[in-house]
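Encoded as C-alpha coordinates, the following chain is the form predicted alone, with no partner shown.
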Amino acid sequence: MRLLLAPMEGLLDFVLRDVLTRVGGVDRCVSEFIRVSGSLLPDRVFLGYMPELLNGSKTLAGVPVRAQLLGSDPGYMAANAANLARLNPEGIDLNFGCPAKTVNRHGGGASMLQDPESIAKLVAAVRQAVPAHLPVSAKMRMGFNDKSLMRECALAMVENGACELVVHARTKVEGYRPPAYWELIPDIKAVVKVPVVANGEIWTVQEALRCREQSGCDDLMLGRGSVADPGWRWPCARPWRRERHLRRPYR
(Lines give C-alpha, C1' and ligand atoms only; values in the text may rest on other atoms or scores of the structure.)
Protein backbone atom coordinates (compact mmCIF):
# COMPACT_ATOMS: atom_id res chain seq x y z
CA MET A 1 0.00 0.00 0.00
CA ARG A 2 1.14 3.52 -0.83
CA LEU A 3 0.12 6.79 0.82
CA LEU A 4 0.25 9.85 -1.42
CA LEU A 5 0.18 13.45 -0.22
CA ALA A 6 -2.45 15.48 -2.08
CA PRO A 7 -1.80 18.77 -3.86
CA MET A 8 -3.64 21.60 -2.08
CA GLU A 9 -3.35 25.06 -3.59
CA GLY A 10 -2.10 27.71 -1.21
CA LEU A 11 -1.35 25.19 1.54
CA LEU A 12 0.81 22.26 0.57
CA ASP A 13 3.83 24.15 -0.73
CA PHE A 14 7.40 22.85 -0.64
CA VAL A 15 7.86 23.93 3.00
CA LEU A 16 4.90 21.90 4.23
CA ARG A 17 5.85 19.00 1.95
CA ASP A 18 9.25 19.04 3.62
CA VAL A 19 7.74 19.04 7.11
CA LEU A 20 5.18 16.28 6.42
CA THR A 21 7.59 13.97 4.63
CA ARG A 22 10.03 14.28 7.53
CA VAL A 23 7.27 13.02 9.84
CA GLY A 24 7.15 9.88 7.69
CA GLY A 25 4.59 7.61 6.08
CA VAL A 26 4.37 9.43 2.72
CA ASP A 27 5.38 7.54 -0.43
CA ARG A 28 4.90 10.35 -2.96
CA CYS A 29 3.84 14.00 -3.06
CA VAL A 30 2.19 16.05 -5.78
CA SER A 31 2.96 19.74 -6.18
CA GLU A 32 0.39 22.51 -6.01
CA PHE A 33 -1.07 22.94 -9.48
CA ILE A 34 0.98 25.01 -11.89
CA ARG A 35 -1.49 26.98 -13.99
CA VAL A 36 -0.97 26.93 -17.75
CA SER A 37 -2.80 29.49 -19.85
CA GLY A 38 -1.65 31.13 -23.06
CA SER A 39 2.10 31.20 -22.60
CA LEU A 40 5.19 29.07 -22.23
CA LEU A 41 6.27 29.23 -18.60
CA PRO A 42 9.93 29.88 -17.80
CA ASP A 43 11.91 27.50 -15.61
CA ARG A 44 11.73 29.89 -12.67
CA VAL A 45 7.96 29.36 -12.45
CA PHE A 46 8.32 25.59 -12.25
CA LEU A 47 11.12 25.94 -9.70
CA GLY A 48 9.09 28.41 -7.67
CA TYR A 49 6.27 25.91 -7.24
CA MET A 50 8.53 22.92 -6.97
CA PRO A 51 12.09 23.64 -5.78
CA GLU A 52 12.47 19.91 -5.23
CA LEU A 53 13.38 19.82 -8.94
CA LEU A 54 16.81 20.97 -7.76
CA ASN A 55 17.01 17.95 -5.48
CA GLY A 56 16.28 15.16 -7.93
CA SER A 57 12.53 15.81 -7.70
CA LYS A 58 12.54 14.72 -4.06
CA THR A 59 11.89 16.38 -0.73
CA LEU A 60 14.81 16.65 1.65
CA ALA A 61 13.53 13.48 3.30
CA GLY A 62 13.91 11.66 -0.02
CA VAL A 63 10.22 11.41 -0.98
CA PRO A 64 9.47 11.79 -4.72
CA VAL A 65 7.43 14.79 -5.84
CA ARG A 66 5.35 14.75 -9.02
CA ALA A 67 4.61 18.08 -10.74
CA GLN A 68 0.97 18.92 -11.42
CA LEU A 69 -0.17 21.02 -14.37
CA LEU A 70 -3.60 22.62 -14.74
CA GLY A 71 -4.97 24.01 -17.98
CA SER A 72 -7.42 23.33 -20.79
CA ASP A 73 -5.54 24.08 -24.02
CA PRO A 74 -3.85 20.91 -25.37
CA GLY A 75 -1.20 22.83 -27.27
CA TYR A 76 -0.04 25.01 -24.41
CA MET A 77 -0.30 22.13 -21.94
CA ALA A 78 1.86 19.95 -24.20
CA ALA A 79 4.45 22.69 -24.75
CA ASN A 80 4.71 23.42 -21.04
CA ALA A 81 4.85 19.74 -20.16
CA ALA A 82 7.77 19.32 -22.57
CA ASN A 83 9.49 22.33 -21.02
CA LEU A 84 8.93 20.94 -17.53
CA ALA A 85 10.20 17.51 -18.59
CA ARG A 86 13.65 19.06 -19.22
CA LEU A 87 13.90 19.64 -15.45
CA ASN A 88 13.49 15.91 -14.78
CA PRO A 89 10.41 15.76 -12.54
CA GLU A 90 9.45 12.39 -11.07
CA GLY A 91 6.38 12.59 -13.29
CA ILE A 92 3.66 14.93 -14.53
CA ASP A 93 0.15 14.92 -13.09
CA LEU A 94 -2.84 16.54 -14.81
CA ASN A 95 -5.52 18.31 -12.78
CA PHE A 96 -9.13 17.47 -13.64
CA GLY A 97 -10.44 17.98 -10.13
CA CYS A 98 -9.98 21.55 -8.91
CA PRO A 99 -13.43 22.95 -7.95
CA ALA A 100 -12.35 26.61 -7.63
CA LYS A 101 -14.67 29.03 -9.45
CA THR A 102 -11.81 31.02 -10.96
CA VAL A 103 -10.26 27.85 -12.39
CA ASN A 104 -13.54 26.42 -13.68
CA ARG A 105 -14.59 29.73 -15.21
CA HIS A 106 -11.60 29.50 -17.53
CA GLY A 107 -12.30 25.91 -18.53
CA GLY A 108 -9.75 24.14 -16.31
CA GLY A 109 -9.88 21.70 -13.42
CA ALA A 110 -13.19 19.95 -12.76
CA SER A 111 -14.99 21.88 -15.52
CA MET A 112 -13.32 19.59 -18.08
CA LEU A 113 -15.26 16.64 -16.67
CA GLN A 114 -18.22 17.88 -18.70
CA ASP A 115 -16.43 16.97 -21.95
CA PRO A 116 -14.54 13.66 -22.11
CA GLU A 117 -13.42 14.40 -25.67
CA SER A 118 -11.56 17.52 -24.53
CA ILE A 119 -9.92 15.48 -21.78
CA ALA A 120 -8.81 12.89 -24.34
CA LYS A 121 -7.19 15.53 -26.56
CA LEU A 122 -5.37 17.16 -23.66
CA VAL A 123 -4.00 13.95 -22.16
CA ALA A 124 -2.91 12.66 -25.57
CA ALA A 125 -1.10 15.93 -26.35
CA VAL A 126 0.81 15.89 -23.07
CA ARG A 127 1.67 12.20 -23.34
CA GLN A 128 3.07 12.69 -26.83
CA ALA A 129 5.05 15.77 -25.79
CA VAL A 130 7.10 14.23 -23.00
CA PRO A 131 9.62 11.35 -22.99
CA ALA A 132 8.14 7.87 -22.90
CA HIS A 133 9.81 7.01 -19.59
CA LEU A 134 8.15 9.94 -17.77
CA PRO A 135 4.92 8.95 -15.96
CA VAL A 136 1.82 10.99 -16.84
CA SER A 137 -0.97 10.59 -14.29
CA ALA A 138 -4.27 12.38 -13.65
CA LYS A 139 -6.39 13.46 -10.71
CA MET A 140 -10.14 13.69 -11.22
CA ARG A 141 -13.38 14.16 -9.39
CA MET A 142 -16.41 12.01 -10.16
CA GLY A 143 -18.00 14.70 -12.29
CA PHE A 144 -19.05 18.32 -12.44
CA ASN A 145 -22.79 18.56 -11.73
CA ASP A 146 -23.33 14.81 -11.40
CA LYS A 147 -21.53 11.49 -11.79
CA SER A 148 -23.02 10.43 -15.12
CA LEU A 149 -19.76 10.82 -17.09
CA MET A 150 -17.25 9.57 -14.54
CA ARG A 151 -16.45 6.34 -16.39
CA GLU A 152 -16.19 8.09 -19.75
CA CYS A 153 -13.84 10.72 -18.28
CA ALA A 154 -11.65 8.09 -16.64
CA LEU A 155 -11.44 6.15 -19.91
CA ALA A 156 -10.56 9.32 -21.82
CA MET A 157 -7.59 9.80 -19.50
CA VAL A 158 -6.34 6.22 -19.51
CA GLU A 159 -6.88 5.44 -23.19
CA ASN A 160 -4.82 8.50 -24.10
CA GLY A 161 -1.84 7.81 -21.90
CA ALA A 162 -2.52 8.34 -18.19
CA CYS A 163 -0.74 5.57 -16.29
CA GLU A 164 -2.51 6.19 -12.94
CA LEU A 165 -5.70 7.86 -11.72
CA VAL A 166 -6.41 9.52 -8.41
CA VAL A 167 -10.17 9.73 -7.86
CA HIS A 168 -11.56 12.30 -5.44
CA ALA A 169 -14.85 10.62 -4.67
CA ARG A 170 -17.10 13.67 -5.03
CA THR A 171 -18.29 15.94 -7.82
CA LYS A 172 -17.36 19.59 -8.24
CA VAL A 173 -20.81 20.63 -7.00
CA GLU A 174 -20.41 18.48 -3.87
CA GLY A 175 -17.17 20.31 -3.12
CA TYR A 176 -15.72 19.16 0.19
CA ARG A 177 -18.99 18.34 1.91
CA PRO A 178 -19.11 14.86 3.44
CA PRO A 179 -19.58 12.13 2.55
CA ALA A 180 -17.12 11.03 -0.09
CA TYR A 181 -18.60 8.27 -2.25
CA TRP A 182 -15.80 5.69 -2.00
CA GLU A 183 -18.23 2.90 -2.87
CA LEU A 184 -18.52 4.27 -6.44
CA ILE A 185 -14.79 4.08 -7.18
CA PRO A 186 -15.05 0.37 -8.18
CA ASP A 187 -17.23 1.50 -11.11
CA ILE A 188 -14.19 3.41 -12.40
CA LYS A 189 -11.74 0.63 -11.55
CA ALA A 190 -13.87 -1.77 -13.59
CA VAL A 191 -13.29 0.14 -16.85
CA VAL A 192 -9.63 1.17 -16.57
CA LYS A 193 -6.55 -1.02 -16.48
CA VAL A 194 -4.22 1.24 -14.50
CA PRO A 195 -3.73 1.76 -10.75
CA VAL A 196 -6.50 3.80 -9.12
CA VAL A 197 -5.89 5.77 -5.93
CA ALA A 198 -8.79 6.73 -3.64
CA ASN A 199 -9.04 10.26 -2.25
CA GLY A 200 -11.49 12.30 -0.23
CA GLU A 201 -12.68 12.58 3.38
CA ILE A 202 -9.98 10.37 4.92
CA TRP A 203 -9.24 11.77 8.38
CA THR A 204 -8.42 8.75 10.57
CA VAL A 205 -6.90 5.29 10.34
CA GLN A 206 -10.39 3.81 10.66
CA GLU A 207 -11.63 5.87 7.72
CA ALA A 208 -8.58 4.90 5.70
CA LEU A 209 -9.33 1.22 6.28
CA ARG A 210 -12.99 1.72 5.40
CA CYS A 211 -12.05 3.64 2.26
CA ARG A 212 -9.77 0.82 1.12
CA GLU A 213 -12.53 -1.72 1.72
CA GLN A 214 -15.27 0.24 -0.07
CA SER A 215 -13.16 1.54 -2.95
CA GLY A 216 -11.16 -1.61 -3.59
CA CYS A 217 -8.04 0.60 -3.85
CA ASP A 218 -4.78 -0.46 -2.30
CA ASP A 219 -3.41 3.09 -2.41
CA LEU A 220 -4.79 6.28 -0.85
CA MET A 221 -4.19 9.99 -1.31
CA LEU A 222 -4.48 12.08 1.85
CA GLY A 223 -5.16 15.79 1.92
CA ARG A 224 -6.67 17.85 4.71
CA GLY A 225 -6.60 14.92 7.15
CA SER A 226 -2.87 14.56 6.79
CA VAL A 227 -2.28 18.26 7.40
CA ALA A 228 -4.67 18.45 10.36
CA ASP A 229 -2.92 15.60 12.19
CA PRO A 230 0.28 14.41 10.47
CA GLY A 231 0.93 11.71 13.07
CA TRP A 232 -2.16 9.58 12.43
CA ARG A 233 -1.31 8.62 8.88
CA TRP A 234 -0.58 4.99 9.43
CA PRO A 235 0.64 2.84 12.33
CA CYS A 236 3.60 1.79 10.18
CA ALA A 237 4.53 5.36 9.21
CA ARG A 238 8.26 5.73 9.03
CA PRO A 239 9.69 7.83 11.88
CA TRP A 240 11.57 11.01 11.10
CA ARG A 241 15.23 10.09 11.03
CA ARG A 242 17.40 13.04 11.96
CA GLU A 243 20.01 12.46 9.33
CA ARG A 244 22.39 15.17 8.26
CA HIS A 245 21.24 15.18 4.63
CA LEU A 246 17.68 16.05 5.69
CA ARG A 247 18.84 19.45 6.89
CA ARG A 248 20.53 20.58 3.68
CA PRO A 249 18.74 23.43 1.88
CA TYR A 250 17.88 23.21 -1.80
CA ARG A 251 20.69 24.54 -3.95
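What you see is a predicted model, and the numbers here were worked out from it, not measured in a lab. Counting begins at 1, following the sequence as shown.
There is another form of this protein, the form predicted together with a small molecule, and it is not shown here; the text below is about that form.
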- Message: Residue-level question: is residue 216 within 4.5 Å of the small molecule in the predicted bound form, judged on heavy atoms?
- Response: no
- Can you check whether residue 64 is within 4.5 Å of the small molecule in the predicted bound form, heavy atom basis? no
- Message: Would you classify residue 59 as touching the small molecule in the predicted bound form, given a 4.5 Å non-hydrogen atom cut-off?
- Response: no
- Query: Does residue 51 reach the small molecule in the predicted bound form if we count a contact as any heavy atom within 4.5 Å?
  - Reply: no
- Task: Mind telling me which stretch in 221-229, 204-212, 189-197, 51-59 gets its heavy atoms within 4.5 Å of the small molecule in the predicted bound form?
- Result: 221-229
